[in-house]
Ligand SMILES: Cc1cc2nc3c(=O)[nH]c(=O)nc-3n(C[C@H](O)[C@H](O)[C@H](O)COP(=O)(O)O)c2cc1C
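This document starts with one chain, in the form predicted alone, laid out as structure tokens.
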């Protein structure tokens, strides 16, 4: 059952940041934490292995509401070392997908529809905006302070490095990643997640960063050297090429504490007349697709990451993301090997998803 979303797609990113969250997410219902923390994640005691990934939780108001609704691992939306504007509104639109969104279907493109109906599928195009450092550092610190009142819930902060100038070198880029991680550490966040699944900064700025194992390794090493014992996870996209995935895992997994997959499946998005649906230049024709139709990809990545973990004798924890909209989806991810499961789109339209999953699967 779809509820009114806690992020309002009819409002801009800034309106949501300043006035959200909305609807039943702030209905006053607060679910108590567990008396005993039976799980662990990234070295932290945890009530239950379920949360919301970076994306819909824009600030401390969203993070606190998520924790009160029982999402025990909320991830603060991606932040940067400088202010960055959001893509033009609209940023979220419902799209038509028949069955699974295979890579072949995604290449052909999708068409928007009039309303949000099940199976829920949306396009997501924000451009990872960021408020100034002093704003988000204070905001996250407030979230961490709130988490201290709710044992078994942890605050994860997502960061992204940026090439701020055209003439930026690789070392400039790496330095910005390290600076972002250091600034996040100063907030007191329980863990840092590095967004390797969005920036087109790999292979000389032509592909997603996670597809460039060499630069991913350099960035992970530098971040880890800077933040020390603070847990570090990376967010990666869907890998069609198994050789590329093996290469990334071999180089990065010995450094990081967790790997999260997937983010979205990119696809061109058109309006009903066949024109580009999202305003802006040609670069905005393609955007990330989230929701039920991408679950197959998230599950596939979890299984492959588990297999590689066993093969290489590594210890990284696996976060399964993508298409979790009902309790049974959570169970599928856990059975596939996910240490923690997260839901963005499903949680946005169902503030009680964590409660429903915990009731259906009390033992995780």
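What you see is a predicted model; the values in this text were computed from it and never measured. Positions refer to the first chain, counted from 1.
Another form exists, predicted in complex with the ligand; not displayed. Remarks below refer to it.
Contact with the ligand in the model of the complex holds for none of 47, 70 and 355, as no heavy atom of theirs lies within 4.5 Å. The closest heavy atom approach of residue 348 to the ligand in the model of the complex falls within 4.5 Å. Taking the partner from the other structure, the ligand in the model of the complex has a heavy atom within 4.5 Å of a heavy atom of residue 78.
A residue is said to contact a partner when one of its heavy atoms sits within 4.5 Å of a partner heavy atom; residue 270 fails this definition for the ligand in the model of the complex, lying far away. Among heavy atoms of residue 124, some come within 4.5 Å of the ligand in the model of the complex. This chain lacks the partner; the member of 97, 277, 181, 294 within 4.5 angstroms of the ligand in the model of the complex by a non-hydrogen atom is 294. For the residues 158, 252, 232, 110, the 4.5 Å heavy atom test against the ligand in the model of the complex is passed only by 158.
With the ligand left out of view, the stretch that reaches within 4.5 Å of it through heavy atoms in the model of the complex is, among 126-134, 279-287, 183-191, 169-177, 126-134. Heavy atoms closer than or equal to 4.5 Å to the ligand in the model of the complex belong, across 42-61, to the residues 53, 54, 55, 56, ordered by sequence position.
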